[in-house]
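First comes one chain, alone, set out as structure tokens in the form predicted on its own.
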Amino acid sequence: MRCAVLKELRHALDLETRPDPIPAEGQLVVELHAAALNRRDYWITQGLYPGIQLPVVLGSDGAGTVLAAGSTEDAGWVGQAVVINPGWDWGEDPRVQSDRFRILGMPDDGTLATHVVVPTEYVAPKPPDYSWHEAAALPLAGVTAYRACCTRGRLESADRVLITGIGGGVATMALMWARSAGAAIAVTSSSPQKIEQAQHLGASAGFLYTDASWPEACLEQFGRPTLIVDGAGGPGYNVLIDLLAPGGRLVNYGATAGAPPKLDLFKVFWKQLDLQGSTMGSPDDFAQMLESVRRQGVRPVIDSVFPLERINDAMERLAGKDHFGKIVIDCGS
């Protein structure tokens, strides 16, 4: 097998050839046709993620064909086209992940490879009308956005949804879920081009968060959101609380801009707001996401495709933040 290995922080990934993996009982070997990058991969390379263990094959997203099973009970999976659920050991409580929860691609070797070993419970049939690239682009961003929008955010067709930081994988998938629900959608970005792309995908309004007057423009052109899906936090978090309609929901799945400098609790309780956190998704969320994909035809947005041999070019594009949607790796198998 070939794989891209992170051996040292803030260094390029090394392409290695290793023996093909052999599954233990309860495991499958998936021959990967495509993988996809997430911001998490970049954070790990920069030492900005907890519990880093090196060397490691990065990559959480992947889709391929089951090549081998570690037990006769799982032999029926061999030859099947699958997607991989990257969230492992969620636990028994659907409301919150367990202390054992981890994400594929560190500490476990991940999907930036031609083969990966996966516990049988974390594979699912590939959506039949998806390409391999689409299937690889779906899992992590798809389930994170699904849980944030649908499970936690209780998305409905009557909602007015504001999605911040459009262009990232999760934000773009949130746009897809909101569109499939028939909700009205607005987005924010620092890029006019990304706002234009979002409008082509169903957003009715978009605002440059670099413009100090954007909240006023939002109120005038879009109205007060009833649901906000945010991955940034930071100083702009209080702006979102100001904007949110009374009784509204603000779901946060990340904090790329850091912690808010303060929190105006008066507005939170007086406006009867729900401030919620959301991380990845439970096995039920993953299954429901795939069912929604089959029922509603939701598809991920793909920014670009790189061969595995150009993994460091793909990582450079991820670091530059110019992409819109998912960066996919063709694993060549």
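Throughout, we count residues from 1 along the sequence that is shown. Source: prediction; values computed, not measured.
Separately, the form predicted in complex with a further copy of the same chain exists; it is not shown, and the next lines address it.
K.L.:
Tell me, which of H115, K194, H133, R249 has a heavy atom within 4.5 angstroms of a further copy of the same chain in the model of the complex?
P.N.:
Here the answer is residue option R249.
K.L.:
So a further copy of the same chain isn't shown here. In the model of the complex, which residue out of L67, A287, V268, I52 has a non-hydrogen atom within 4.5 Å of it?
P.N.:
It is V268 that has a heavy atom within 4.5 Å of the partner.
K.L.:
Taking a further copy of the same chain in the model of the complex, would W90, A255 and G258 all count as contacting it (heavy atom within 4.5 Å)?
P.N.:
Yes, the whole candidate spot contacts a further copy of the same chain.
K.L.:
R95 versus a further copy of the same chain, in the model of the complex: is there a non-hydrogen atom within 4.5 Å?
P.N.:
Yes.
K.L.:
For L263, is any heavy atom within 4.5 Å of a further copy of the same chain in the model of the complex, or not?
P.N.:
It does: once a further copy of the same chain is placed as it appears in the model of the complex, L263 has a heavy atom within 4.5 Å of it.
K.L.:
Is Q272 a contact residue for a further copy of the same chain in the model of the complex, using a 4.5 Å heavy atom cut-off?
P.N.:
Yes, contact at 4.5 Å.
K.L.:
With the partner left out here, check for me: in the model of the complex, does some heavy atom of M280 sit within 4.5 Å of a further copy of the same chain?
P.N.:
Contact check for M280: yes, within 4.5 Å of a further copy of the same chain in the model of the complex.
K.L.:
So which stretch, 195-203, 144-152, 175-183, 161-169, is the one near a further copy of the same chain in the model of the complex (non-hydrogen atoms, 4.5 Å)?
P.N.:
In the other structure, the partner sits against 144-152.
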